[in-house]
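Form predicted on its own, single chain, as structure tokens, below.
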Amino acid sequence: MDIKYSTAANHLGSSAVREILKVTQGNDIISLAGGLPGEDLFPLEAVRNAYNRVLSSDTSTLQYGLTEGFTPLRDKIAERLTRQGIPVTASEMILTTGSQQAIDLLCKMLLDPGDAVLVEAPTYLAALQVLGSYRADIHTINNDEQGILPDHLEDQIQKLRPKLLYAVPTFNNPSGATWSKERREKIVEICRRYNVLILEDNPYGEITFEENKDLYPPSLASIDRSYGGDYCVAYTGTFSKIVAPALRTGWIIGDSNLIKTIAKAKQAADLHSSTIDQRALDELLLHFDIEQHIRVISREYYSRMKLLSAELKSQNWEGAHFLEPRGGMFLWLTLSQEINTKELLPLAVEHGVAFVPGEVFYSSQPHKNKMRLNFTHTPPERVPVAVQRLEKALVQWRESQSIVQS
């Protein structure tokens, strides 16, 4: 059948990460590609007990639920966010099928084709997919090690009149970078002044490598709410990185009118996210010390990051450099200028290691000599092997280039 697809369908690209994961399934390939937590750190017994308690309670567990989500769980998330400096109530929140759905629903209700949206460079690949599917006009804001540049942001806002700024200011995916407090305050002030909505995506922010969390800057949402009145920041989070991805439970908070609008989109999409998963998470938060669990995984992920960092440094590749992230799940590796990591990837897979080429994280003018490496999923004993395999791929790539040039 000759199916006539919509314009939106034709603008929806596939995820490079998902395609790479397909290649690595069932093979002896060490994947540093996906944003996967360490399976050995999942709280399996606590999750099993939570489901058992829910299924032993009453049959309403298996019934339809509220579009906005299970109220007791929303209350508990609101309490956690308030303790983290983001005062919020359940009425300002909707639970979603992972934070990815939150991004999609907000963009669906906000964007018309051709609307300007501002992003960082690099930025989250799947967010670029969503923005592309709604045919947004995506523009990159210049940045430095402190975050996006306020002067360039203000200049672009005046020129483009964007509806949205999408940002991952804490442990950015893919770069691992974190904006400074001063830069965050300036960005929020500018967006409030020009009436530009900020979508702050924070799936990794609780995975911190320094014990004293006061050393980390406040969220954009926290800064925004300190002004009082109308909010210019919508904030997404998820249980995927701190409990388990399979539970597919995230949230978005924002102005109550914005949340009501997003609820309409969710009703049309799936009525509500999984009731049983939400109730199990509510039970988990009642009977399981999630804060201690986060401290445990953060310490372990820090150890794995340092191991990967040490192995990369030991190779002493000419022109290679990176900054160690202060948290999160990714290390952003820059290789010498002539290396094209998209061309390098097939060779790496042949040698038994996978990564994500850097160019897919840019809306324009991609940097082709970068790659994203995940350090949370691979067992520590396999990390040296992964780097050795990457070294073999680099040697082969350089040899192939020498042959071409000769």
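Every value quoted in this text rests on a predicted model; they were computed, and no experiment measured them. Residue numbers run from 1 along the displayed sequence.
Below, we refer to the form predicted in complex with a further copy of the same chain, which is not included among the displayed structures.
Of the residues given (N202, S309, S298, T261), T261 alone sits with a heavy atom within 4.5 Å of a further copy of the same chain in the model of the complex. Though a further copy of the same chain is absent from this view, in the model of the complex it lies within 4.5 Å of a heavy atom of just one residue from S273, N173, T178, T236, which is S273. The partner is not drawn, yet in the model of the complex one stretch among 143 to 151, 313 to 321, 80 to 88, 242 to 250 has residues with heavy atoms inside 4.5 Å of a further copy of the same chain: 242 to 250. At a distance threshold of 4.5 angstroms between non-hydrogen atoms, A268 is in contact with a further copy of the same chain in the model of the complex. Contact annotation: G35 falls within 4.5 Å of a further copy of the same chain in the model of the complex, judged by heavy atom distances. With a 4.5 Å cutoff on heavy atoms, T334 does not count as touching a further copy of the same chain in the model of the complex; it lies far away.
The closest non-hydrogen atom of K186 lies beyond 4.5 Å of a further copy of the same chain in the model of the complex. Contact annotation for 118 to 134: residues with any non-hydrogen atom within 4.5 angstroms of a further copy of the same chain in the model of the complex are Y124, V130, S133, Y134, listed in sequence order.
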